[in-house]
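Taking the form predicted alone, here's one chain by itself in structure tokens.
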Amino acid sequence: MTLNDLLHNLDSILPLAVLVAWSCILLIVDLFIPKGRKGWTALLAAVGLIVSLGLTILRVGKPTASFDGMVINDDFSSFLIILFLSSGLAGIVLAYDYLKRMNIEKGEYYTLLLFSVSGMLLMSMANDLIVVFLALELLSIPLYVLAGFARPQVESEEASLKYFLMGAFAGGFVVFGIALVFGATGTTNLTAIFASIGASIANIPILVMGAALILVGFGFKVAAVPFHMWTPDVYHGSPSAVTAFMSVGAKAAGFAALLRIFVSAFPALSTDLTMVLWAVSALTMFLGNVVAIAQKNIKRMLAYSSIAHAGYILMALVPYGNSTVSSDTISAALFYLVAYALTSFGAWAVVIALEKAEGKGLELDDYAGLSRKYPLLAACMAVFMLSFTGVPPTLGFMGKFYLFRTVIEGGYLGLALIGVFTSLISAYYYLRVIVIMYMRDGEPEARREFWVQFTAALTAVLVVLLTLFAQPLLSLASQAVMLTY
């Protein structure tokens, strides 16, 4: 590789390169920032994300391939990179006051978060299974540490250990899947895998087994049933700011990989995999929503809610082999990811506002009387619960509408009906939160921290406002086309 080639390759991944370099520098700079002034670390981390975000926006519409086609920067990756960087900013904003309040403020939080976001960026651009695995580890390892950031709290340490063990288990499935795909096709490049299938030189039975193992590995990452068992304990035990970031970033990165791999490399395997995806999606929607009904702790309820929403997003992947709706598959999934991200960060902001030390303030009963004492906060939470349910006028309704339409156009009316039915089930536990806030007496105590309340208010406004002007966002999602070389 010549110097010009190296510079070209680095230029094509400039937002990622800048963020990784910034993370390494911040790791050193943080050593010189006194304890009690870690707000400077948070500010510098946010600056790094904003710089990377600016570079990404400047490159939208300029697709490039680099590192011999192992990394692709196209509109699909640009859309997701903007989502990941925005999620990183939300993770910093939610953690700023929360870490100080919980007496766990350390500069490492922000550098670990930047490294995890870097892995997510690489995941969205990966066009080679080896790069996919590297990105998976880069985004996951910092999250294992962040889950245990509240140590020596037993719940936090347990969450970290469980997340690490299940993550390692999932990584093993992905590695075995990659090995089988390589054995079947002789390559790990997604474009070359697609070409080998088209040329009828791939060993299809082994390739199907490899694709199935990759699906299992990422099923753990996005918390799809039956690979969801780690989610409630990890969401419950991790610091809430970490859970908020994890629930959006890790899930979106997992779906970014699934969409890229299955749509780019495995469309010919759709006849073997579609029914598996159908069953996993239906089971995930059903189990997540039904078990959430029994939860009395808001963090565990949101954990099962997250599982259910993985099922909804997975719906979009079911008709991926149908060429007439494959582009709608991607746009519906991306649109729903944005709706889920805004709603989820908003809901977690309200949870963080009411959370106290030692896990207090997290029961549903602690929300009684919230509408009288903190009407704005209660109104925001009501918007988020309605959006999770899919009630208009919220972005969650628009997201589910586009998902169901794509699935029906793909010929899977039964799955769409299951989606509608499970949404009705979810209304029971989401609306229960609203009933407790508005119809029961209580003396809730919420923190009046600017950034937390700002996040809740901003996301609530966006969840409603973007519903009224959904077409531009849907157009952006529709234009997020994958590039193949």
Partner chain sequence: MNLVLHPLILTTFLPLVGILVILFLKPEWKNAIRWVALLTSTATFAISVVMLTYFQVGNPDIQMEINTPWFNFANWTIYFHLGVDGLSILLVVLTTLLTPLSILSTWTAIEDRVKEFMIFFLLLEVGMVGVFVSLDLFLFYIFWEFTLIPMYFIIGMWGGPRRMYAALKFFLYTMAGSVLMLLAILWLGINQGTFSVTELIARGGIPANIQFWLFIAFGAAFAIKVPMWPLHSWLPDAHVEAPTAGSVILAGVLLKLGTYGFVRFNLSMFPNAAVKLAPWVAGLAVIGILYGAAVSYAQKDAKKLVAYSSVSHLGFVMLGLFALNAQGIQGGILQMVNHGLSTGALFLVVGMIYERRHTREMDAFGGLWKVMPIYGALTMIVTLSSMGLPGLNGFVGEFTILLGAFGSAYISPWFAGIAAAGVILAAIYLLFMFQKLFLGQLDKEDNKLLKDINWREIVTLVPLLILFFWIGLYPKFFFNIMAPAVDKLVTIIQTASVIP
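Numbering follows the first chain given and starts at 1. All figures in this text were calculated on a predicted structure; none of them were measured in a lab.
From this point on, the text means the form predicted in complex with the partner chain, which you will not see here.
Among residues of the shown chain, Ile434 is one whose heavy atoms approach the partner chain to within 4.5 Å in the model of the complex. Under a 4.5 angstroms non-hydrogen atom cutoff, the partner chain in the model of the complex has Ala427 among its neighbouring residues. Shown alone here, Leu129 lies farther than 4.5 Å from the partner chain in the model of the complex, counting heavy atoms only. Contact annotation: Phe401 falls within 4.5 Å of the partner chain in the model of the complex, judged by heavy atom distances. Of the candidate stretches 221-229, 383-391, 76-84, 304-312, only 383-391 has residues with heavy atoms within 4.5 Å of the partner chain in the model of the complex. Among the residues Ala268, Ile408, Ile293, Ala212, the one placing a heavy atom within 4.5 Å of the partner chain in the model of the complex is Ile408.
Between the options Phe115, Phe149, Phe397, Phe173, the residue in contact with the partner chain in the model of the complex by a heavy atom within 4.5 angstroms is Phe397. Along 406-423, a non-hydrogen atom within 4.5 Å of the partner chain in the model of the complex is carried by Ile408, Glu409, Ala416, Leu417, Val420, Phe421, Ser423, in order along the sequence.
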